[in-house]
Structure formats: structure tokens, C-alpha cells
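Laid out below as C-alpha cells are two forms of one and the same protein chain, each shown alone and named structure 1 and structure 2.
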Structure 1
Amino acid sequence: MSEVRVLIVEDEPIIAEDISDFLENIDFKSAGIAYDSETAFDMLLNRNPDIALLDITIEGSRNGIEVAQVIRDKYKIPFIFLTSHSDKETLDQAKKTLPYGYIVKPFNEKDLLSSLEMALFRHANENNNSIPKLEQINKSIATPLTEKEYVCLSQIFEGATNKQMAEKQFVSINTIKTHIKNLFLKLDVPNRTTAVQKVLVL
């Protein structure tokens, strides 16, 4: 999957489906919808999301804030709270998890898109966006990356979406998807976050 994969943790099915449909139209892809914390943990483990949207009030043994803490400690992907709660107590609890965004319902699609892009950009920068040189990477993998694949990898480090990459490189989104698919195969990774983490330790 070359698109940015978003895990949606939301216990209101209509809202969750609306978000999923919206993501499909803006160069992102739903990694799955979790209505409770147990499903969220299963999807974090098995669906390889790049980023998570978390409601705070969800079904299950843990709330969204507790899920966020597990994501920060174990999965190291960015997450954004998407909730109807804006009281000081909830905000103070949420802040302790160091979220990459906090969107209060009702929200509009423009806010969601900008929050996702900012979260990816910030996460990429926090995790050291100085990508190793192509020669260094190719010494450590069985099948070398091409120049074009390396450019895509560099832009993943910057937190760019497929659409942004296509615009920067003056090519189609399908061309970008092909490069990223090949890149993932050569690095033997399932998603963008893992690609960044793997390249940094080569």
C-alpha cells in the first residue's frame, strides 16, 4: 500500500465511515476502523498504519488517551485526537501523550487534511529527516534502489503525500505509487513509517 495508511479509532460508525470515504479521496487510505480499544490494538499490530485518528471516548477496556499512550510508547507513529471533548480536564490528560493534533467535532474536511499533513511532517522531522545517501542504503539491501525510488524515499522522510510527491516530481500519482511499491519491496517493509525507521539504522 503506497498511500498513507490511517487507522480510524471511532465508536460512531457513521462518522468513522465518513472519515474513511473522505480519506480515499485525498491521497490517504483507511488502514481500518476500530470501534473499541481491543480492535485498535489488533489493527495497530496487524494493519501497519502510518498515523492514527483517535476518538477519546471509545468502547473497550481503555479509552482513546490510553490507546494514544500505547501508540507513543510501542508503535512510534503520529496520532491525532478527533473528539467532541474540549474541557480543560480532558485536554490536560490528552496533552500528556504529546499528540500531533487535536480536532474538536464537528470538524470539516479541510481541518482534517491539514492536521494529517502537519502531523506527518512533524513526525518526519522529529525522527531525523536527514536521510542516508543512496550509496549507503544500497550497500545494505539485496536489490538496489533506483534514483527515482530514492527521491520518493527522501520525500517520505519529509512527510509528503503521494499527491505532493507527484507535484514536486512532475509525474502522475500512479507513477509515484509504483516507485513506492518497489521501494517497499526492496526494503522489505509494509509502510512508510517502517521504511523511515529501517533506513535510519542501515
Structure 2
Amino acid sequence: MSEVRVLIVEDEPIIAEDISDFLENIDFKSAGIAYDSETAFDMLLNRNPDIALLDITIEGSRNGIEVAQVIRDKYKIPFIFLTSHSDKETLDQAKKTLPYGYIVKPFNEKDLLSSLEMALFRHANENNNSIPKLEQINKSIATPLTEKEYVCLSQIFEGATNKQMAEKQFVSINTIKTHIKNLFLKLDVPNRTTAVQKVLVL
């Protein structure tokens, strides 16, 4: 059974530990606790979390919001804000990051659980017909895909022909064919249909 990896970004150790302990009891798994945004960025890069819990105000600044923006733009995982008594301006900025949920402190375990579930549900629904993330694919294969190979795979995913891919990427069809050839080698599949199948059941 695949456990959900939760990244906790929270500068109050007591709260962070509490959450971490609770998560271990239900079948979530802590992907790490970050007490500042630098650590958060590092953990996002290296620990492959599935969802993040973000305190809006880390160490007095609004770093939680910065982390949220990076998550939304780059890591594309759902995130939930842990809010205490923030001012209106901070909350407005937080809203603009389109979070998957808010939990107001002090919160109970039931709130936390249902927020996590709802966020994961929403995220799963939004991404149900899309290709997994490059990092996710690369975790499952021997030789990692390059950026261009991943782009080709994504377009194969949408049923594009080599010609269409060449046009969209502004390169020759020969280039596309090379990428696809290497892609098939790395995925160890004979054709695009099985490539789609393989990546979908990753």
C-alpha cells in the first residue's frame, strides 16, 4: 500500500512534532519537518513529498507563502496552510497561492485528517488524466529521462503524432524520433501505446 508522504513546514517544534506523530498513526508518512524555507526547498527537491502542510509565518516572516508559490509552480503537489492569527494582508496573499485548504490553529486531529484527505482527493481529481511528474517516473526506471524525452512522452500521452510533436517543439521530426527512440530504450517498451500503459501503472 502506497503511503502518502507529508512535508511539514512549521517553525514551532512542538506543533510540528505533534503533527508528525499523528501522521504516523494514520497511514501517512512524514517526508520531513522543515523549520525554515531553505530546508523546505531542499526537502521538496530531495524527499518527494506528496503533500505539504505549511505554516504561513515561519520565523516571523511570510516564508510559508513563498514556499507555497514554489510548490504550486514547480512541484505541483497539494498544500495546506496552517494559520494562527495572521493579519488580513497576509491571509490575502496566502489565498492568492490557491491552497488546497486551511487549518486554523489550534486544530484537532480530525480536522487535519479530513483536510489532508480532501486536498489529496481534489488534487487526484484535477490530475487524473495527466502524466506523472518526471521525478516520479525517474524513481521507477534505471536511466533517468531527460527534459526533452519527458516532453515527448507527455505529448505521446496526449496522442500526438511525431509530426505534430515536431511542430509544437519547433524541431525537425528526426529530432523527435531520436528522443522517442531513447525514451523507449529507457522505459524498456517497444512502442508508444505500451509507454503510456507503463507510465500509467507506474
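Whichever C-alpha set is largest while still superposing within 1.5 Å between the two forms counts as the rigid core. Please note that residue numbering is based on structure 1, beginning with 1 at the start of its sequence. Not measured: the values here are computed from a predicted model.
> Decide which single structure shows the form predicted in complex with the DNA, answering 1 or 2.
The chain shown as structure 2 is the form predicted in complex with the DNA.
> When the rigid core is used for the superposition, does Pro49 move between the two structures (threshold: C-alpha shift of 2 Å or more)?
No, because once the rigid core is superposed, the C-alpha of Pro49 moves less than 2 Å between the two structures.
> Aligning on the core only, does the CA of Ser37 end up 2 angstroms or more away between the two structures?
No, because once the rigid core is superposed, the C-alpha of Ser37 moves less than 2 Å between the two structures.
> Take the rigid core as the frame of reference and indicate whether the C-alpha of Ile14 shifts by 2 Å or more between the two structures.
No, its C-alpha moves less than 2 Å.
> Once both forms sit on the same core, give the Cα displacement of Arg192 between the two structures in angstrom.
Here the C-alpha difference is 22.5 Å.
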